[in-house]
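Single chain ahead, written as structure tokens, the form predicted alone.
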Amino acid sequence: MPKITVNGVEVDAPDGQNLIQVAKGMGIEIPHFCYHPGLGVDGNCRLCLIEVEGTPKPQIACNTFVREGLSVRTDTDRIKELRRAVLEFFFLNHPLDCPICDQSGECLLQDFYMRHGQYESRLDLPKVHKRKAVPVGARVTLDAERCVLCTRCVRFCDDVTGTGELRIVNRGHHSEITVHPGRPLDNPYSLNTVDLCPVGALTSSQFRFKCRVWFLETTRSICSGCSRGCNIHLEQSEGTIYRYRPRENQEVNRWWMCDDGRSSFHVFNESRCEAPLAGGEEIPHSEAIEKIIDAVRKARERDPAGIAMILSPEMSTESLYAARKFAREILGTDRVRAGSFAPPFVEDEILRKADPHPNRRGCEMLGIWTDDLGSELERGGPLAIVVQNDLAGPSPEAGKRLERFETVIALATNLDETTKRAALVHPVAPHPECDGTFVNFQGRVQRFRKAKPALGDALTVMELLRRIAAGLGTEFGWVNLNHVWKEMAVEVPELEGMSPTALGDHGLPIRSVREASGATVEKG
């Protein structure tokens, strides 16, 4: 690993990194607009200037790469003055409307001025005016006056999606970003341009003026929109989720996420099941628990093997494990299945997967997934407990098959077609309201964290099952996530040696069954 010197400090730096990356690893900020690690070097903003020993003129840090013996300075008086000059150029025609700008609070131009600018403006001419609040696509709004022409958005559409909708037109002070005539910015990843925009030029039409960013609380989570499991920042305020933003994970989603995934949070804000229901009428939580216990007790007396527990690939791995154990040990049935009637999504070569579920792989790992859920419902029985799974919504035929069960209990996050058909409904918390993990299509176990309190009377699946078991006279369940993982890591071979702490922020791949069982592969 080459040795270089940054501001008089000698460090070992990875070969191939540029100085922006090296300095960031040292806790040194080199301001920049056009460079992004996912888009490569463009070198047009000229803000990341540094002094390189042996080179008479300042160089741009984004295009200065590690080599043995390299020595640079990022903090000289000359560099500081050049940064102020470059920022002054950016502000020549930039509107000073920070108080009403939707990007205020996360604007790099604003931040860089406060840290590296602080100059007295010499402009005494009217600013050049450009288009404001123009929709350039169904999801993105452009304010051309605020654009710093970093071209991040253009390069994303050219190099990542390959759709090429955006271009720079005109010259000099009149240059601006626009779309080709008749070709709006409507690719499935268009909102990544909003993330990439360092200022308030491109904003999300959906999020504009909904909430100031300094009111948002951010939690590291996982997108549940498909089996990719993109790593995200879940941002909410006072219990309402306002947006998802991608969180970098080079093994899963790199720096991006699709537009459909970004919109998938609405289900956690709308049509939520907040109170227990019996016959469509709200009842107290304690009464609901008693009714569920009574229904389970009667079904066990009649035909425990006929009880079915229908789970969802939307559930966390921990909830699936708890429900499987509850079915076998408390209900006395092996009829515990996970499946879905939801139609497949559109798949592409960037991120989107056809499988619309975040935890199908977790269901398969636990041995409860079935591709023929209809046949399981066809069998009927004295009792069906449906957990976080709208069977009747995507499939009216499945709704009719539910009638083959004498009693249907729904443990649901949302009011849906299945809850309409259930004799008893109890709310449970979806993944933004609890801790847990999903296993994505790659077999990567990824952790999500509780972002906000559960709504109304909702409980986590594990807690609700524990209370039902207690009412049936059986001690069941776990105190927290770490406790259930201690058991899972023993009982599930693919999870051996893992723990929530070991998963970190980027997750870990599950062990193959062959590896976990100690089998060897013959070479030949």
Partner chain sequence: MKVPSPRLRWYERIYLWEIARGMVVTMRHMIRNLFRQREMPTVQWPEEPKHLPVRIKGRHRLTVREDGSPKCVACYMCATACPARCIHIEAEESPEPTIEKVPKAFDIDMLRCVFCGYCVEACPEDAIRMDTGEVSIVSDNRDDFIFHMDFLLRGSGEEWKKKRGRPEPVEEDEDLSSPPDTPEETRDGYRRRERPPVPSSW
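Numbering follows the first chain given and starts at 1. Fair warning: this is a prediction, and the values are worked out from it, not measured in the lab.
Keep in mind that the form predicted in complex with its partner chain is missing from the display, and what follows is about it.
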> Candidate spot D348, R360 and F441, all three in 4.5 Å heavy atom range of its partner chain in the predicted complex?
Replying inline: no
> Though only this chain appears here, would A133 touch its partner chain in the predicted complex if you measure heavy atom gaps against 4.5 Å?
Replying inline: yes
> Would V179 show up as a contact with its partner chain in the predicted complex if we use heavy atoms at 4.5 Å?
Replying inline: yes
> Quick one: is H173 in contact with its partner chain in the predicted complex, heavy atoms, 4.5 Å cut-off?
Replying inline: no
>> Under a 4.5 Å heavy atom criterion, is E165 part of the interface with its partner chain in the predicted complex?
In response: no
>> Which residue, H266, R115, R212, R122, is the contact with its partner chain in the predicted complex, using a 4.5 Å heavy atom cutoff?
In response: R212
> Of these, R146, R324, R139, K353, which has a heavy atom no more than 4.5 Å from its partner chain in the predicted complex?
Replying inline: R146
>> Only one of these stretches, 328-336, 443-451, 203-211, 361-369, has heavy atoms within 4.5 Å of its partner chain in the predicted complex; which one is it?
In response: 203-211
